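Single chain ahead, by itself, as structure tokens, in the form predicted alone.
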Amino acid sequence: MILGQSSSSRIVSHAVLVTGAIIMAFPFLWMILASLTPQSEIFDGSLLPTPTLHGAIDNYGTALSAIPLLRFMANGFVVCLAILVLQIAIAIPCGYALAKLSFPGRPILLVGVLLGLLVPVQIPTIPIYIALAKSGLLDSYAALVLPWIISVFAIFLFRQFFVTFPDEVLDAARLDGFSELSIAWRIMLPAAWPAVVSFSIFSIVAHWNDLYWPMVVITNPDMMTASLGIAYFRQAGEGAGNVGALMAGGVLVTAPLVSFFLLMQKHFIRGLVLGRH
């Protein structure tokens, strides 16, 4: 009887999950099919657009020629990579210090990190914008990167991961003459690789998809990132009202994220599970 109930509950759970997955995946499927369908046939009354070779060539050709989409994606790649490297460079030593070093004020700093998780990104927008404007850094990579190099989420994630690391290994490293920074980079970082991958996915997805901050600090089309470029395409020339080309641009912008996540999903899940302990 218990086995029957367990089997039934498992079937119900899987049915709910599959239904939810289909509902969530449907907009992406529609986007892909619309990007392969001629503009005149996308809204012909059918639930799903009908792809054709001519529609695919026309839509993707327009998306790549009407705007410098590849330039926008290259900008996004540079910005995401720079932010990620600087975030990890700062978060690893900070997380290690909060997890394994004893110093006055450590509990207060940890509370500050937790409170930092509660602050919406919109709150410091005006003072940061004024500082960048007075420094002459608007419309530059610096304006897109510098406000994000300190991630309280990364500090907290690595701190949670480092707490579980054996103290005996660290004591042995100190006896061998390792400095605390050497321990952080040569011992803790390799051990925290799953957490690094997990945070990398969070960071890259967040900043690749970010439309709010680039819209605030970027007006020069040459410096636009992928998301801002798609918004620019929607308002400019051939992109205005061209749903097929817009969907083609959306597919091109989304594909790198999906590929990256599928490649790293095992490390992503492992990092989140280990970081909970």
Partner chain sequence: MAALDLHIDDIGKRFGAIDVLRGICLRVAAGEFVTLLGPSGCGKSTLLRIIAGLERADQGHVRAGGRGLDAVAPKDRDLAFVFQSYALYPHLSVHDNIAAPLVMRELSSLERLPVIGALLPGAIQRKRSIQERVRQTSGLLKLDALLERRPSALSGGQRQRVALGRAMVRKPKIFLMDEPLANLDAALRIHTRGEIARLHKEMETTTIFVTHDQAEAAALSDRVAVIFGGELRQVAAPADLYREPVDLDVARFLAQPFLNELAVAAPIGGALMIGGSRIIIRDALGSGLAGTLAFRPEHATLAEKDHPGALPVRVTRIEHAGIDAHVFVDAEAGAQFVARISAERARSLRDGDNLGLTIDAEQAWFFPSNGSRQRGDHSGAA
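If you superpose the two forms and keep the largest set of C-alpha atoms that fall within 1.5 Å, you have the rigid core. The model shown is predicted, which means the values in this text are computed figures rather than measured ones. Numbering follows the first chain given and starts at 1.
Keep in mind that the form predicted together with the partner chain is not shown, yet the notes after this line are about it.
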Item to check | Contact label in the model of the complex: Ile187 to the partner chain, heavy atom within 4.5 Å | outcome: yes
Next on the checklist: Even though the partner isn't displayed, in the model of the complex is Ala173 close enough to the partner chain, meaning a heavy atom within 4.5 Å?
Outcome noted: yes
Next on the checklist: Quick check on Val163: any heavy atom within 4.5 Å of the partner chain in the model of the complex?
Outcome noted: no
Next on the checklist: Test of understanding: in the model of the complex, would Ala74 fall inside 4.5 Å of the partner chain by heavy atoms?
Outcome noted: no
Checklist entry - So with the core overlaid, does the Cα of Pro127 end up 2 Å or more away between this form and the one not shown? => result no
